[in-house]
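To begin, one chain is listed below as structure tokens, in the form predicted on its own.
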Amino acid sequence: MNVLKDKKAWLIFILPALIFYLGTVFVPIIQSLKYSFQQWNGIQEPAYIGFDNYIAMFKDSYFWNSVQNNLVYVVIVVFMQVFIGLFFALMLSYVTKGAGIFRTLYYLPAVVVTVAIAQMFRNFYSLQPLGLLNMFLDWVGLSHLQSAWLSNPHTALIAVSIPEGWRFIGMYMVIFYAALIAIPKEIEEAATIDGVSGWQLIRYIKLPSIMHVLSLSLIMCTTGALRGFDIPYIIGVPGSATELVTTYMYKQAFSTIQYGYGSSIAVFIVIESLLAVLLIRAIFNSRKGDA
């Protein structure tokens, strides 16, 4: 216990992680900020151009289209991962036998390789040859709804968002489940004696007790969705229907060799992620104050 009170011991344990964080996160952010004020193709000497990259970014219609797509992507991913994950966790908290099997099965997609998930959903959405989704529609007599889901500009963004949302439902379910079973049984028993049961027990006892976990999960999920790249990039279709801010940044920086412009978009991603964190914290703090 004396070790926990020793500030030098704290420093010894924290310092390696802090150095790693500074080298892999903070330094690249500072470099991106520096490059965002420059025009650089990766070969010639960078030229300082002030805020020209940011001015061009805010005038870029393709950039704003990617921002709009990203917001839709965030809503779908957050709904699936956090709220469906919370629903499954609540249901699982009432399971007395075999809960470990359900946790393992739901968590399994989180450890599957990204490329495998992307290929699986590409086949799932396929029209030629007929994928599982279109086969199901034909089986239930809704063959008129069959579509090339990834090629249809009206459905492509939703189709790209669902795999990322589905992938981590189990991870957030496990997080919420751990928080739910950590609630002292005495609190639930006292509420039951007072006549609280069913939905009231969930609303007034369980959810308020895990509010700190819910806020952290929302922050993790939202910022992760704002930075989502791999699955949309792998199974996304050519054009702007599935373009996200991250994929647009990658193409500008590494396809068109505009590292300065790509860096300005990277800075935008950092800023919007920080604003999302502040907004979520403000909402939960206000609710805590009202409570």
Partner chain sequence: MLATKKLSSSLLYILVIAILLIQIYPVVWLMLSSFKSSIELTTQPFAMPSSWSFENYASVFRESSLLLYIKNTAIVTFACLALIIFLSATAGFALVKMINRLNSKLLLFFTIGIMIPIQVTLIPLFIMYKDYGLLNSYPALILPQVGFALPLSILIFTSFYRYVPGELLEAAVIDGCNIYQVFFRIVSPLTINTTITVASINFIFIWNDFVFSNTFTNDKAYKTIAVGLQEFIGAFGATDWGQTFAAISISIIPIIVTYLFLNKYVMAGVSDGAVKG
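Residue numbers count along the first chain shown, from 1. Quantities reported herein were computed from a predicted structural model and do not represent experimental measurements.
Absent from the display: the form predicted together with its partner chain. The rest refers to it.
- When its partner chain is considered in the predicted complex, only one residue from L86, V78, I162, I219 comes within 4.5 Å through any heavy atom, namely I219.
- Shown without its partner, this chain lists A110, L71, I158, V196 as candidates; in the predicted complex, only A110 has a non-hydrogen atom within 4.5 angstroms of its partner chain.
- The candidate site formed by L92, Y106 and T246 is fully in contact with its partner chain in the predicted complex, as each residue has a non-hydrogen atom within 4.5 angstroms of it.
- Although the partner is absent here, E186 is a contact residue: one of its heavy atoms lies within 4.5 angstroms of its partner chain in the predicted complex.
- Contact check for I181: a heavy atom falls within 4.5 Å of its partner chain in the predicted complex.
- Proximity of I280 to its partner chain in the predicted complex: non-hydrogen atoms within 4.5 Å are absent; the residue sits far from the partner.
- When contacts are judged by a 4.5 Å heavy atom cut-off, F26 counts as touching its partner chain in the predicted complex.
- Contacts with its partner chain in the predicted complex, taken as any heavy atom within 4.5 Å, map within 13 to 28 to F13, I14, P16, A17, L18, F20, Y21, L22, G23, T24, V25, F26, V27, P28.
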